[in-house]
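In what follows, one protein chain appears twice in different forms, each by itself as structure tokens: structure 1 and structure 2.
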Structure 1
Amino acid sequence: MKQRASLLGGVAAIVATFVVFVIPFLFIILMAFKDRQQSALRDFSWPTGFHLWDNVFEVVKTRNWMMITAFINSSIITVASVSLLVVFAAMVGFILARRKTRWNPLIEFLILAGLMVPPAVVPTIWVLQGLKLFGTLHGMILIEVAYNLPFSIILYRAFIATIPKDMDEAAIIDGARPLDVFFRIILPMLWPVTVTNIVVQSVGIFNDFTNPLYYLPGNANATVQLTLFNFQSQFSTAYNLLFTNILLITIPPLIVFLFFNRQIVAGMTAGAVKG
């Protein structure tokens, strides 16, 4: 009975996954191959013609080639944000795991609060305007780092706690300074969890819609998700171009997940396995 229940549960999970993830992606591909008239039907009918390349060209050149600008902006924000997240989160996680003080519970509470408490948009905009960072790429990078730092810290802290402290002490006895201990001894050992953090945060930041919408106005600062507004309005929507746009901005994160799926799982479970 248990085996049968387990089998039924597995089949149900596969079916649910297919319905939730695969069918919508197939629908996106079908719509991207259609012309505007057929795509307006919004059904699973087979395309009457091959219009994918025409749709791709139209999407890319819309609004003075905004898609190219958006990919460049999203790539800059993603690379810079993830780089800062890896360094800062690893440093904070290292300190929390190695130095036990009476302030640790408070610091850990604030980190958890950063995960649970929703951000205050209007005060954040006021702060950015006061710092002359509102509507700039470097201001957006700081926002992404601040919003995603708590998760990264928790990830690194759990992994660093499994590394024996004797390695730090041995390096210090050999004459290593604190920064040498971190960058030359600890950081290279964090590679499994670093890969996980890079992939997860890269996909999340690259696909971020709300934060650029709030903090990064202007066509010159457009990110890939904001280009979806180019093909829908209150009275008409070009569904063939809209879904082609969705397909173009979905492919890069999908490729990342396909290639780094094992590394993501290994990094998320590495701390538990070592413990």
Structure 2
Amino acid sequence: MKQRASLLGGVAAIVATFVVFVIPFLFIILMAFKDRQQSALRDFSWPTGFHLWDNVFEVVKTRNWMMITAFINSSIITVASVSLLVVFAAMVGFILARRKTRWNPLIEFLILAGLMVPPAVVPTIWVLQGLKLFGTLHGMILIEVAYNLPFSIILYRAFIATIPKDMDEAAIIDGARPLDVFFRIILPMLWPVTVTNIVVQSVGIFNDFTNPLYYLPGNANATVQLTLFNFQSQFSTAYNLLFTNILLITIPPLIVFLFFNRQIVAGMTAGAVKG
């Protein structure tokens, strides 16, 4: 009886996963193979011809090769923000876990607030303009770091708390200065969490739509998600190109996932049990 129930549960879970995750993805792929007329039907029909390469070429060269610029911009933003996030979040988590002061509760409250309070766009733009960072890639990078820092810190801090303090002290006795302790001992030991951070944050930042929309105007600054606008308009939408575009910009996050897949699980559960 119990076995039957768990079997049913398993089947239900697989079906649900298939419907929610796989079918939309198959739909995207099918659409990317179709020509404009067939794709306008927006159904699950089999492509009548092989139009993938035409679609890809069309998408890439639209608006003066905007896709290429967008890929470069998004990559720069993602790599730079994630690098900064990893280093800063690990440092903050390290200090929060190690140095107990009466400011800790306040700092922890601010971190939680950063996680929960929605960012105010207009004042942020004023500040960026005042700092002459509005509409620049490095301004965008700072925004992504600021918005995503609280989540990364929380991931790190829980893990650092499980690293015995003896570790730091052994390094100090061995002659390590504070930065040595952090970069040579603590940061390498945080690798499982760092992988989780890299995957979660890079996918989030690479796919970010709203923040570049607000803070990074201008064609030269396009990011991948904004290229989706190229094929939608009020009057006509080239669905085959739109979905080809979606397919192209899904590939990098997919690669990151496949690459780090196994280590993510380790990072998510790390710290749950003492290793």
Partner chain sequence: MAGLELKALRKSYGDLEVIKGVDLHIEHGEFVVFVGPSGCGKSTLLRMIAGLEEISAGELVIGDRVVNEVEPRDRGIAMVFQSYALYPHMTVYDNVGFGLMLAKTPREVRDKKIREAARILQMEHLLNRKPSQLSGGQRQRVAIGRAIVRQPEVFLFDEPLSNLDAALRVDMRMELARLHQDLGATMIYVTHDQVEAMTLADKIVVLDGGVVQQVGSPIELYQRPANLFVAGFIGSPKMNLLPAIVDAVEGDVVRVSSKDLAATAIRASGEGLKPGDSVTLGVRPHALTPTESGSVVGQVALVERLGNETNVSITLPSGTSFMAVLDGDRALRPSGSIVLGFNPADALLFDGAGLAR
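Definition used throughout: the rigid core is the maximal C-alpha set that superposes within 1.5 Å between two forms. Sequence positions of structure 1, starting at 1, serve as the residue numbers. Because the structure is a prediction, the values reported are computed rather than measured.
Participant: If only one of the two is the form predicted in complex with the partner chain, which is it?
Facilitator: It is the second structure that is the form predicted in complex with the partner chain.
Participant: Would you say residue 22 moves between structures 1 and 2, meaning its CA shifts by 2 Å or more once the core is fitted?
Facilitator: Where the cores coincide, residue 22 shows only a C-alpha shift between structures 1 and 2 that is less than 2 Å.
Participant: For residue 8, give the CA shift between structures 1 and 2 in Å, the superposition being done on the rigid core.
Facilitator: Taking the core as reference, the C-alpha of residue 8 is shifted 3.2 Å.
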